[in-house]
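Given next, in structure tokens, is a single chain: the form predicted on its own.
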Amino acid sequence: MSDEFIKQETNVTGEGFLPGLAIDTVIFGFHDNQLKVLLLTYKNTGLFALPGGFIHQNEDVNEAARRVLFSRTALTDIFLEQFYVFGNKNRHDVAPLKTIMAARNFIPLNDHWLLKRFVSVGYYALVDFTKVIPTPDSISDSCDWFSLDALPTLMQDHQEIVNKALQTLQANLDHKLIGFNLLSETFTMGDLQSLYETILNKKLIRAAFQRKMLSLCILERIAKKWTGGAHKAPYLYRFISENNILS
């Protein structure tokens, strides 16, 4: 749900939106050697959810996903990719939706369009943690970062969506150049290895990892990082390509 809720709650049929289709986004950030996920907390409910929304009749699905992403992060040119469609019939659960509506003193009719079954298109986004401005929507208390290994209980099947997004992220580490958006513009080889280890949840051998990354020919060594001891200063790197929009 999004800032469109006020318009939607007075529209029983959902006029102007594609029926039965929604978007859920898993927004990953990397900070303090932790992989984090952006979540919404709905007002007066204690419910946690992924940022999501609906698709206007006059917009592309990818366009709708970028609109949802921008409204929650204030970012535009970032990695965003569709990764799965969630359509199991048992994901249809009206209880949390009615709770969210009741918290806004709105009691919908049973045939309200928001209470009908939805298939959700899953997207995952990779963002520079330092550049995000987490922004709640009109029916949320907050929009905050949560560590992936300490997520609260999520409504509906959103935990399953997070799990699937993580699996996709792990599988795409190399050929999708995942580091583009999770690291700052320049970084050490240690920073990059820490990112890989966090996503893969395992330790990597330093020398083997460095050989592998250099063999991919995607890194440019630019300078040594000043640490006070020049002989021990690690090199700084950046990705050779400047195009960090890979969707």
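A residue's number is simply how far along the shown sequence it sits, counting from 1. Nothing here was measured: the structure is a model prediction, and the numbers come from that model.
We do not show the form predicted in complex with a further copy of the same chain, though everything after this point is about it.
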{"query": "Which of 146 to 154, 98 to 106, 129 to 137, 114 to 122 sits within 4.5 Å of a further copy of the same chain in the predicted bound form, heavy atom basis", "finding": "114 to 122"}
{"query": "Within 4.5 Å of a further copy of the same chain in the predicted bound form, all of 59, 62 and 85 (non-hydrogen atom)", "finding": "yes"}
{"query": "In the predicted bound form, residue 18 touching a further copy of the same chain (heavy atom, 4.5 Å)", "finding": "yes"}
{"query": "Residue 55 within 4.5 Å of a further copy of the same chain in the predicted bound form, heavy atoms", "finding": "yes"}
